[in-house]
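Encoded as structure tokens, the following chain is the form predicted on its own, with no partner shown.
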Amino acid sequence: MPGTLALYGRYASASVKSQLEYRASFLMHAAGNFLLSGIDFCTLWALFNRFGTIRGWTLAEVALLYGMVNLSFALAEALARGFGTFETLVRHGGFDRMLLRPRSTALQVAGQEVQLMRVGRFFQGGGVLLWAAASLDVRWTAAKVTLTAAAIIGGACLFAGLFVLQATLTFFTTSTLEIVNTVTYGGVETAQYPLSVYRPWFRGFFTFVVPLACVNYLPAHALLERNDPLGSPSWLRWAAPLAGVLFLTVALRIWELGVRHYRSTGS
């Protein structure tokens, strides 16, 4: 495991150095990510400025959801975005070279592209989360801080798992299916609001199929010490972030299945 992490660190370091060769371009991309994410929060602010609350949730409480999910997605995009461009490797035969190396293919794909410009979304989401934490009447104990960190990491694992599944489909389609983006980018938009505002079938999908609620909505109830109108037990709200790690583990198993059925490009 230490050797694997060290190798990923080398891949990441090489990718980051290449991006920093053009400092102005990197800064503009990072600033662009910061501003685009900020526009999303401005939309939330305008909504709450007009209506006050949504199903009993205030702006500061929804900002907690917003901050956690955007930090999670920024981490996943930065560290696992190589899976998002995997179709290029398949089409050009680059994945064949990876198969010849005595290292995990998932590690090689993840490390080929570490998007440093995602720091823009990361800092914007982190700023909103800090504002929410300061605005809420919440006693931030060590347990709650740990749960917040676990929810962010669990969310990052969940989105990374979605990127892995998207790449796995490429083994069979040779092209990334855009419909998957409705679950990744669409999932970020979904998690910015309390799950209770959606229809039952929609809540079920994002709880039991893609467990986004487990890494955002349920932990938020534990942090805010409020009852869940959907009836989730208290212990589940604290353990729920583990669902993100489990989802990534399953996604990697499916990836291995896809690798075994890979038949090269024939080019």
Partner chain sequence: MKPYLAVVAARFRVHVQYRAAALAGAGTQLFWGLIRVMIFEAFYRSSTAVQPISMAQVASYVWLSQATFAMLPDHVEAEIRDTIRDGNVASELLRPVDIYWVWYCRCLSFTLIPTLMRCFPILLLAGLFFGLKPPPSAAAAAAAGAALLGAMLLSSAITALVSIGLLWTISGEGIARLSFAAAYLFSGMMLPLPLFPDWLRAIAVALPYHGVIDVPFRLYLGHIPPSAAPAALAAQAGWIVALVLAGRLLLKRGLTRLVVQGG
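Residue numbers count along the first chain shown, from 1. Just so you know, these numbers come straight off a predicted model, no measurement behind them.
Although it is not shown, the form predicted in complex with its partner chain is what the next lines describe.
Each of Ala24, Phe51 and Tyr198 comes within 4.5 Å of its partner chain in the predicted bound form, counting any heavy atom. Within 4.5 Å of some heavy atom of its partner chain in the predicted bound form lies at least one heavy atom of Tyr185. Within this chain, Arg226 is remote from the site of its partner chain in the predicted bound form, having no heavy atom within 4.5 Å. Using a 4.5 angstroms threshold between heavy atoms, Ile39 counts as touching its partner chain in the predicted bound form. In the predicted bound form, its partner chain sits beyond 4.5 Å of every heavy atom of Gln166.
Of the residues Thr148, Thr170, Thr190, Gln124, just one reaches its partner chain in the predicted bound form with a heavy atom at 4.5 Å or closer; this is Thr190. Scanning 202 to 238 for heavy atoms within 4.5 Å of its partner chain in the predicted bound form gives Phe202, Phe206 in sequence order.
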